[in-house]
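A lone chain, given as structure tokens: the form predicted alone.
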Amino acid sequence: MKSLNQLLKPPRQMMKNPFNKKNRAPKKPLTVDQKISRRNFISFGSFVVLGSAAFGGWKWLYNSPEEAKTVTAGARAPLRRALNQTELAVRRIFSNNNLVKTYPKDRAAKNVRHNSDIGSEGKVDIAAWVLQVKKQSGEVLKISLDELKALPKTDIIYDFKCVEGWDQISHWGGVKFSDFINHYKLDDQTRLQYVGMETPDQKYYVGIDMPSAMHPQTLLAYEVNEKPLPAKHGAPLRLIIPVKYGIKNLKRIGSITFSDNRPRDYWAELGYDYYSGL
């Protein structure tokens, strides 16, 4: 005989399984306020997680050792390694076929922005100025402004970009660096990896990778807006290199050198990217 408990217990097939989705009561749809609250919670949680990760990364970088001083200095060692690796990656895909965008003459600024006078303070005696080109053999070429002006002239109107975040469409004229190289039979120097340029007082100096220097839009410029360069823009000769930020566009060039080693660079010594490409 069955006990009283057995008689009162419903058959197994009649018992509901609370874990069976079919037996659960249907969920009420979320209200608009509930949906907004859930999204806000997810967004806030994601912000906290990502913010914490970013702060942790910044703190790690801030506390990491500074790079060993060579031709570059002033940056944290991990950051400099990252910049150098980025340079190698960019140089692998660099091509002279990639030209910066140019503009019609009426788009050029009438008043070209002036940013710094490092290495080009004061006036210069243009009649006495000469460009010194130092070959690896030790031979030094001395070239006057008139000799440079006798070469084919090239103009470029492009968007000059500064690392500070501003940019300006400006009009420059001068000699293509590649034409300058060819005319003075310096082709053997272009087999080296770098070009170094310095102001006459040697207070400002840049190092340029050879492919960028030989880019078809790189100029040794002696004009701005079809007029001779004023002192504040680097008279009598400056570098215009559209594939680089403004810090590489040396004003008042005094000397040019060629090397397989990185030449010294003013801003790279203060922690900036040596390549400074666009």
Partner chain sequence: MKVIKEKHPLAMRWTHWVNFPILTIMIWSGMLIYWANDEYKITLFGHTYFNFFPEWFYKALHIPHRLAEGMAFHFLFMWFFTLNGILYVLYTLISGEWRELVPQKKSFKEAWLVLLHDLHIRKTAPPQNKYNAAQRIAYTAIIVMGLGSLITGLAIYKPVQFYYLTWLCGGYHFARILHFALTIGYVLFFVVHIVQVILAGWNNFRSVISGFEIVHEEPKPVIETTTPNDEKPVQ
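Because the structure is a prediction, the values reported are computed rather than measured. Numbering follows the first chain given and starts at 1. In this text, rigid core is short for the largest set of C-alphas that superpose within 1.5 Å between two forms.
Just so you know, the form predicted in complex with its partner chain exists too; it's not on screen, but the next bit is about it.
Please determine, with the chain shown alone, which of 28-36, 232-240, 249-257, 218-226 has non-hydrogen atoms within 4.5 Å of its partner chain in the predicted bound form.
Partner-contacting stretch among the options: 28-36.
Its partner chain in the predicted bound form: within 4.5 Å of a heavy atom of each of Val71, Gln132 and Lys134?
Result no, not one residue of the spot touches its partner chain.
With a cut-off of 4.5 Å between heavy atoms, is Ser52 one of the residues that contacts its partner chain in the predicted bound form?
No - in the predicted bound form, heavy atoms of Ser52 and its partner chain never come within 4.5 Å of each other.
Is Asp159 near its partner chain? Define near as a heavy atom within 4.5 Å, in the predicted bound form.
Yes, contact at 4.5 Å.
Might Glu164 be said to contact its partner chain in the predicted bound form, defining contact as any heavy atom within 4.5 Å?
Glu164: contacts its partner chain in the predicted bound form.
I'd like to know whether Phe94 contacts its partner chain in the predicted bound form, with contact meaning heavy atoms within 4.5 angstroms.
Close contact exists here: in the predicted bound form, Phe94 approaches its partner chain to within 4.5 Å, heavy atoms only.
Contacts with its partner chain in the predicted bound form - residues in 75-90 whose heavy atoms fall within 4.5 Å
Those in contact are Arg76, Leu79, Ala82, Leu83, Thr86, Ala89, Val90.
Does Gly45 move appreciably between this form and the one not shown, meaning a CA displacement of 2 Å or more on the superposed rigid core?
True for Gly45: a C-alpha shift of 2 Å or more.
Can a Cα shift of no less than 2 Å be assigned to Asp33 between this form and the one not shown, given superposition on the rigid core?
The answer is yes, as the C-alpha of Asp33 shifts between this form and the one not shown by 2 Å or more after core alignment.
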